[in-house]
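First, one chain by itself: the form predicted on its own, in structure tokens.
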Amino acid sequence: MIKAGIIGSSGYTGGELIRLLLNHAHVDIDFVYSTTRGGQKLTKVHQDLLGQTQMEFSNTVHQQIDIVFLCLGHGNSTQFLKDHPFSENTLIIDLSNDFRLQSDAKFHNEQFVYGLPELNRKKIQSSRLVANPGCFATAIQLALLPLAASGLLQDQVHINAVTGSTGAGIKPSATTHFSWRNNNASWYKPFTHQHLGEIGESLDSFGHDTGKLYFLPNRGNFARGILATAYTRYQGSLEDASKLYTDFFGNALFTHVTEEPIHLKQVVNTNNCHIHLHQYDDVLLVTSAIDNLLKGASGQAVQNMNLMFGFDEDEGLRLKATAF
């Protein structure tokens, strides 16, 4: 058994991570750190854990720990690690955007590896520091990586993706409270979303020129999940594209290419990504679907941990979608 610590545990991502680790065969949660809730039971905040644990939030951090997960707000992980240095043997997975870009990946004398298993499996397996991808970034990269790897992404790419309200975090805001979100839809950060940087670096990593990405993120009136559509010019048949995708993801345990149109209920509450291809004249439409809190955050973090420790990749992640 390994000992795990969780930093920043009162939000949606932290709550899902606790749920997954409580049901992991090789993990004991050593502490769940909070600056404001020390001594309170986890179930006071995460009511879905009632009957699963009697643990309390801790106001102390144990520096001699096998692995620590950082579920802090964007921009806070770097400072936390400076203020709370962990053992050089402690593995670290950061779920914020602090270390995702190559320009930000260096910490002291080490480098964070970008934690998309379908792209960097071998690097993740041998790394001590992993930067977990963003949720939109995960859905969009998995939709486009096979084309980028084959040099077939040189034209413009138009992307439209809708996310559930949990993607905005647990703190209420003008665009997340029920009265505004219910029976409503809107776009935000058109063409400038912060995940574009990490998406671009991954697509460019194959050494081929890639076309400009035009990304329009949308808010949906549902709680969780991301449905992304991306289309670009494509010279070839649908059969060629299907083979390209199935070959690329042949060893990917959680990414599945299907001939049937996909929808969110197939992936919500799982660590899966489903991908569907459709061709219209010389345009290829790629649709991907993930759970933003699992494959887009905590589930992918556990998948990365499994790779880092040599556990079965799906340990703690054998989850069934809530299809109805």
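None of the values given here were measured: they were computed from a predicted structure. For every residue, the number given is its place in the sequence shown, counted from 1.
What comes next is about the form predicted in complex with a small molecule, which does not appear here.
Screening Thr35, Gln47, Gln54, Gln64 for any heavy atom within 4.5 Å of the small molecule in the model of the complex leaves a single hit, Thr35. Interface residue among Gly169, Gly236, Gly211, Gly200 relative to the small molecule in the model of the complex, by the heavy atom within 4.5 Å criterion: Gly169. Shown alone here, Ser9 lies within 4.5 Å of the small molecule in the model of the complex, counting heavy atoms only. Proximity of Asn76 to the small molecule in the model of the complex: non-hydrogen atoms within 4.5 Å are present.
Contact check for Cys273: no non-hydrogen atom falls within 4.5 Å of the small molecule in the model of the complex.
By the criterion of a heavy atom within 4.5 Å, Asn292 is counted among the residues contacting the small molecule in the model of the complex. Annotated contact segment (heavy atom within 4.5 Å of the small molecule in the model of the complex): 161-169, selected among 111-119, 161-169, 185-193, 237-245.
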